[in-house]
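Just one chain follows, in the form predicted alone, and it is written as structure tokens.
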């Protein structure tokens, strides 16, 4: 069998450990469960896998109200009732009212897909358990039509979690797991260079000093993430902020910190006690 190999992309720098986890999951044909704090690139990993392997990406953004069946299919009873009421369409073929969800589409298609089940921990505790059979067998049954849909090409399934809820052991046993650690300064410097290749070296150095200092402050409830750092650099560059200014104050803190209490804790005299070199 010719196994696909994920190597990362020009815009998504993946560690060797993360690349190994992705490729093991592909080889074993098991879902890859990714955890890590917000902003570490969990969702963008699915986009990178699809881009690198030249596959289409299907996304299932899980909400607190999501049910497992939503990802498989939905029976549009309202549309069928409307068609019956106006008597302008043959309603005997129920299959025309079956709308496949992202998981169902990934099974039905005869081409391999990357399927992202994003933030699975937002749903209730039974949600992952309700997907055990489908993810094991890569098939599901449509009750209304009696049809069983089985994947000809097993999708590459990526599941993300922000650790808001513990996931059931039965679900965990069926996954390959990887925790994306927050990038160190060297890795973050490489990430910044991907998004801002023209930024001057000293500005990047000062920005990273300030950024990691902020993340170390115990008063902060929501530490700034990688995506917020990228946005902050963009704001600094657009405003033409000089390196010397960063040594005296931190402009546009609202790009990095998103809670009023965090801004109050960091603004003012505390800024003078942060390292600048």
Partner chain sequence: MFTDFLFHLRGRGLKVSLSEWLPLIRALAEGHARSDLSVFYHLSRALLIKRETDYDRFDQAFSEFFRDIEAQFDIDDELLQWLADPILPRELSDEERAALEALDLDELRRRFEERRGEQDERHDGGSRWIGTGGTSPFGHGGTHPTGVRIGGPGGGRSAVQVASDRRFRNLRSDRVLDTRQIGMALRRLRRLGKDDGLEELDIDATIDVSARNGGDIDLVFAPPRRNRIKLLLLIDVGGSMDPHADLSERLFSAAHAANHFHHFEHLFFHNCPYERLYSDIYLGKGEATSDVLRRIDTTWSVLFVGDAWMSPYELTHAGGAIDYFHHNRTTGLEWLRRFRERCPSSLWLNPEPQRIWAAPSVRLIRQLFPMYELTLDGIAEAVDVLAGRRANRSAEDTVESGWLH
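Residue numbers count along the first chain shown, from 1. Remember, it's a predicted structure, so these values are computed and weren't measured experimentally.
Below: the form predicted in complex with the partner chain, not depicted.
K.L.:
In the model of the complex, does each residue in the set 5, 24 and 178 place a non-hydrogen atom within 4.5 angstroms of the partner chain?
P.N.:
Yes, because 5, 24 and 178 each have a heavy atom that approaches the partner chain to within 4.5 Å in the model of the complex.
K.L.:
I need the one stretch from 198-206, 107-115, 71-79, 90-98 whose residues put non-hydrogen atoms within 4.5 angstroms of the partner chain in the model of the complex.
P.N.:
Result for this chain: 71-79.
K.L.:
Flag residue 135 as yes or no: does it have a non-hydrogen atom within 4.5 angstroms of any non-hydrogen atom of the partner chain in the model of the complex?
P.N.:
Close contact is absent here: in the model of the complex, residue 135 is far from the partner chain, nothing within 4.5 Å, heavy atoms only.
K.L.:
Residue 167 versus the partner chain, in the model of the complex: is there a non-hydrogen atom within 4.5 Å?
P.N.:
Taking the distances in the model of the complex, the answer for residue 167 is yes, it comes within 4.5 Å of the partner chain.
K.L.:
Quick one: is residue 242 in contact with the partner chain in the model of the complex, heavy atoms, 4.5 Å cut-off?
P.N.:
No - in the model of the complex, heavy atoms of residue 242 and the partner chain never come within 4.5 Å of each other.
K.L.:
Any chance residue 141 has a heavy atom within 4.5 Å of the partner chain in the model of the complex?
P.N.:
Answer no; every heavy atom of residue 141 is more than 4.5 Å from the partner chain in the model of the complex.
K.L.:
Have a look at 44, 237, 30, 215 for me and say which one sits with a heavy atom within 4.5 Å of the partner chain in the model of the complex.
P.N.:
Of the listed residues, the single hit is 30.
K.L.:
Taking the partner chain as it sits in the model of the complex, which residues of 8-35 have a non-hydrogen atom within 4.5 Å of it? Please list them.
P.N.:
Result: 10, 13, 16, 17, 19, 20, 21, 24, 27, 28, 30, 35.
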